[in-house]
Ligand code: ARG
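As structure tokens, one chain now follows by itself in the form predicted on its own.
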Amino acid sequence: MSKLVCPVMLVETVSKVTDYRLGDFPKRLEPGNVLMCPPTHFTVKTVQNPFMEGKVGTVDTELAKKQWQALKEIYESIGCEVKTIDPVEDLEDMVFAANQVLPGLDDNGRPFVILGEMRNAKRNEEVPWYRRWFVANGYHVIDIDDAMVNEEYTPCFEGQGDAIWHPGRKLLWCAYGPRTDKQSATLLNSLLNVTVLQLKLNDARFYHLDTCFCTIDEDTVMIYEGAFDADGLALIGHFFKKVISVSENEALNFALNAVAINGNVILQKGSPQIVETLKKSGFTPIEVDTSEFMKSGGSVFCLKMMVY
């Protein structure tokens, strides 16, 4: 029998939630709009992840603009309104709009964002510009620095790159490893008053959760198993009825840095196995070319923020 009240927990092992199922967690309204940042200043200047090795100065800026525009048009074609934030000169990674904040709705239906605390100092300069946009668009802003006044330091937290809501539920998946600190999950648990399921990332190539974990709907997720430890895999298997395992080769092709909207799965082209699996599972894969952005370690998911 489904429980009427599910406790708010920080969960690292499945043993803490064996008595609970997805239906025990409150429902959550999914955002239907998309926020993107034009790649006006996008390039690769430094090496911040394994995919950037050897890519400094190699970006074809005109091709990047065409690829970005094509992705924007795909969102519009499936019924999403695409909002844009103005790019800022010398903030070349601002185009990756998934990392600066984590959005949500409070119990009164008011939209909010929790501001990120980026590992890289240069990327942290992007956060105030995103803050300005969300304030102008009616969001309540939560600064994790304000919640850490009695602590020695603020843990790194890279927004939706490492914190992904379970589709349709007030249940948050949060990863820690190369970018986001483990302590951030405790902070999110207390600030949001929601259960946080914490996952450890084991492979530096999969430095954000959005590179190895893609939710498709309430029951379905795609993952690269090698990015997680046994506890993480057990948690994922407990809360998703269908776990689609993606090969290492296709995961490294950013197949999991994808976006699922109403049965459509937008993903980087060139991963035939997962495309076929998605079709057989009743979903509609939409392939797109983000090769210029992959030089910086990002693809479809990284290039957007879902907003209300």
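All values reported here derive from a predicted model rather than from experimental measurement. Numbers for residues come from their place in the sequence shown, where the first is 1.
One more form of this protein, predicted in complex with the ligand, exists but is not displayed; see below.
Student: Which one of Tyr207, Tyr130, Phe157, Phe228 is close to the ligand in the predicted complex, taking close to mean a heavy atom within 4.5 Å?
Tutor: Going through each option in turn, the one that passes is Tyr207.
Student: Ok, Ala98, Ile114, Cys214, Cys174: which has a heavy atom sitting within 4.5 Å of the ligand in the predicted complex?
Tutor: Looking at the other structure, the residue within range turns out to be Ala98.
Student: Since the chain is shown here on its own, which stretch among 98-106, 181-189, 76-84, 138-146 would lie within 4.5 Å of the ligand in the predicted complex, judged by heavy atoms?
Tutor: This holds for exactly one stretch, 98-106.
Student: So in the predicted complex, are Met52, Asp93 and Arg123 all sitting within 4.5 Å of the ligand, heavy atoms only?
Tutor: Every listed residue reaches the ligand in the predicted complex, so yes.
Student: Can you work out whether Gly161 and the ligand are in contact in the predicted complex, taking contact to mean some heavy atom pair no more than 4.5 Å apart?
Tutor: Gly161: contacts the ligand in the predicted complex.
Student: Find out whether any non-hydrogen atom of Ser296 is located within 4.5 angstroms of the ligand in the predicted complex, and reply yes or no.
Tutor: Taking the distances in the predicted complex, the answer for Ser296 is yes, it comes within 4.5 Å of the ligand.
Student: Taking heavy atoms only, is Cys302 within 4.5 angstroms of the ligand in the predicted complex?
Tutor: Flag for Cys302 set to yes.
Student: Look up in the predicted complex whether Asn264 has a non-hydrogen atom within 4.5 angstroms of the ligand, and give yes or no.
Tutor: Outside the cut-off, so no.
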